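For reference, the chain that follows is the form predicted alone, supplied as structure tokens.
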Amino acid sequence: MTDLVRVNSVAKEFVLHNQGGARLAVLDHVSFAVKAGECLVLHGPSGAGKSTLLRLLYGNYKCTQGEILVRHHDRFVDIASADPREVLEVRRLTLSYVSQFLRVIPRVSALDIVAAPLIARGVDFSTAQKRAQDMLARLNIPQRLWALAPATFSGGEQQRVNIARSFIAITPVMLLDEPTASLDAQNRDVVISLIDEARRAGSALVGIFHDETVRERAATRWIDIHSFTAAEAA
């Protein structure tokens, strides 16, 4: 299988300007690769740096040192050193970030929010709408809500709309930040199925899951953030 992500000797240090420039080292010499069809789970206690690492992979944080190579088309792009325009291009086609939180868009219906990634990729409107309907139904969003803006939805409903939007057009590399947090068992199972389908389609996934059952079902491999040694998932 082909590497879609290569992380080489990455370190991250924060400078606390409101505390006299104190430096806080969070990650040091992190190295791993993720192949097509894998789901690599980041394991470790709260505060170990798992979310920081995901943000580095997505380009929200800059590395203190090291490189983060993401295969984009037929070449690797170093997210750690690429200019913002190139990072945005990689995000548009190759790299996605799946979280439990929906950025609510005023006056835009749940159906249109979910269909938008397909339309952005050139899928015709009617096909995108039909696939969005199927995804919302799969995630147990009542049909009476589809035409409404999610601003007044419950937290769990907003979370499922966000997951529907994230998985309707899977990308080659997907970063998962607690996508099943706060979901009931039925909807957790749906998300695990979506993760498995993305893997079988050839995506490389890197995720954080605090739910041990979800973690064990989703992972093909995991790394302990403390040791940075990859191990086969149980």
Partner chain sequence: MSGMDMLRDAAALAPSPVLECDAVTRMYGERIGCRNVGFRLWPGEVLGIVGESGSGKSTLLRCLAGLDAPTSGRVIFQDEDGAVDVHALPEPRRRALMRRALGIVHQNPRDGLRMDVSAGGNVGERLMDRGERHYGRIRDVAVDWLRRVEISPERMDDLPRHFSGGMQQRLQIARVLVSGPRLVFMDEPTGGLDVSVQAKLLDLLRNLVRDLDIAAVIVTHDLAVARLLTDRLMVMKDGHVVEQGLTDQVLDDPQHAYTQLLTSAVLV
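These numbers were taken from a predicted model, which means no experiment stands behind them. Positions refer to the first chain, counted from 1.
What follows is about the form predicted in complex with its partner chain, which we do not show.
Q: Would Trp146 count as a contact of its partner chain in the predicted complex, using a 4.5 angstroms cut-off between non-hydrogen atoms?
A: Contact check for Trp146: no, nothing within 4.5 Å of its partner chain in the predicted complex.
Q: So in the predicted complex, does Glu89 come within 4.5 Å of its partner chain, heavy atom to heavy atom?
A: Answer yes; at least one heavy atom of Glu89 falls within 4.5 Å of its partner chain in the predicted complex.
Q: Give a yes or no for Gly66: in the predicted complex, does one of its heavy atoms lie within 4.5 Å of a heavy atom belonging to its partner chain?
A: Gly66 lies outside the contact set for its partner chain.
Q: Please determine whether Pro142 contacts its partner chain in the predicted complex, using a 4.5 Å cut-off between heavy atoms.
A: No - in the predicted complex, heavy atoms of Pro142 and its partner chain never come within 4.5 Å of each other.
Q: With its partner chain left out of view, choose which of Gly49, Gly59, Pro172, Gly37 has a non-hydrogen atom within 4.5 angstroms of it in the predicted complex.
A: Of the candidates Gly49, Gly59, Pro172, Gly37, Gly59 is the one lying within 4.5 Å of its partner chain in the predicted complex.
Q: Quick one: which residues from 78-116 get a non-hydrogen atom within 4.5 Å of its partner chain in the predicted complex?
A: Counting only heavy atoms within 4.5 Å of its partner chain in the predicted complex, the contacting residues of 78-116 are Pro84, Arg85, Val87, Leu88, Glu89, Arg91, Arg92, Tyr97, Arg103, Ile105, Pro106, Arg107, Val108, Ala116.
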